[in-house]
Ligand code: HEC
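Coming up is one lone chain in structure tokens, specifically the form predicted on its own.
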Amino acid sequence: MRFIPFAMSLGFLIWVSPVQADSTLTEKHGCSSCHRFSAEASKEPAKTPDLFYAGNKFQKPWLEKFLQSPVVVRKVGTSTDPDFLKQPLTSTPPHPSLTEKEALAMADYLMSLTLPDLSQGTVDDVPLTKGTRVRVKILFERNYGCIACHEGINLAGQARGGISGPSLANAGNRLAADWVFHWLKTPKKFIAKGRMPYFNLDDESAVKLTKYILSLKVGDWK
């Protein structure tokens, strides 16, 4: 565990864990009123993303920027709600903004929250060839119908697709490769009652889809 200097007192250097120091921010901003910070926090599915595996799921630079200038990732609806498909679509409430100092500290804390049994290094950083990317794009959009729920990017570089699930238009800057791989393979490992389909993907297909999803980038992140 990484440690940071906290104070000098009577000639002694005191050290504290960044996790201990920064978890107080979640209480200050009432984060647990919307997000779960442990799988045991509630028997009911959360209406906002679970954060007890945030360190597996997100890229830290995106977290730091998002916490200061939030953007809407899931535009409407809550897919874990049993009556999700029966209810009228409602806009997602805005996420509170943090100061730069708070955002950096919160990002450090969130990146420390990981699942102990989630394997790493499954997806290498070798990009898909142009031809393979075209074939995987067809799988993503047509065979598996991902854009029925998620936004992708069209040939003009604009977001297109469904809005009931989280947008994937900027997934390449937001999500971690190994998390995407495991999510595609075993979504119920993360959300037992979620609406993400189980496609029974083999590892090779899951890696290719992961690489395609992570190639999606828009805006000033691109």
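Values in this document were obtained by computation on a predicted structure and should not be read as measured data. When you see a residue number, it is the position in the sequence shown, counting from 1.
Although it is not shown, the form predicted together with heme C is what the next lines describe.
Of the heavy atoms in Ala148, some are within 4.5 Å of heme C in the predicted complex. In the predicted complex, none of the heavy atoms of Asn173 sits within 4.5 Å of a heavy atom of heme C. Within this chain, Gly30 lines the site of heme C in the predicted complex, having a heavy atom no more than 4.5 Å away. Not displayed here, heme C is kept clear of Gly131 by more than 4.5 Å at the level of heavy atoms in the predicted complex. Not one of Val123, Lys189 and Val207 places a heavy atom within 4.5 Å of heme C in the predicted complex. Along 154-191, a non-hydrogen atom within 4.5 Å of heme C in the predicted complex is carried by Ser164, Gly165, Pro166, Leu168, Arg174, Leu175, Trp179, Val180, Trp183, Leu184, Ile191, in order along the sequence.
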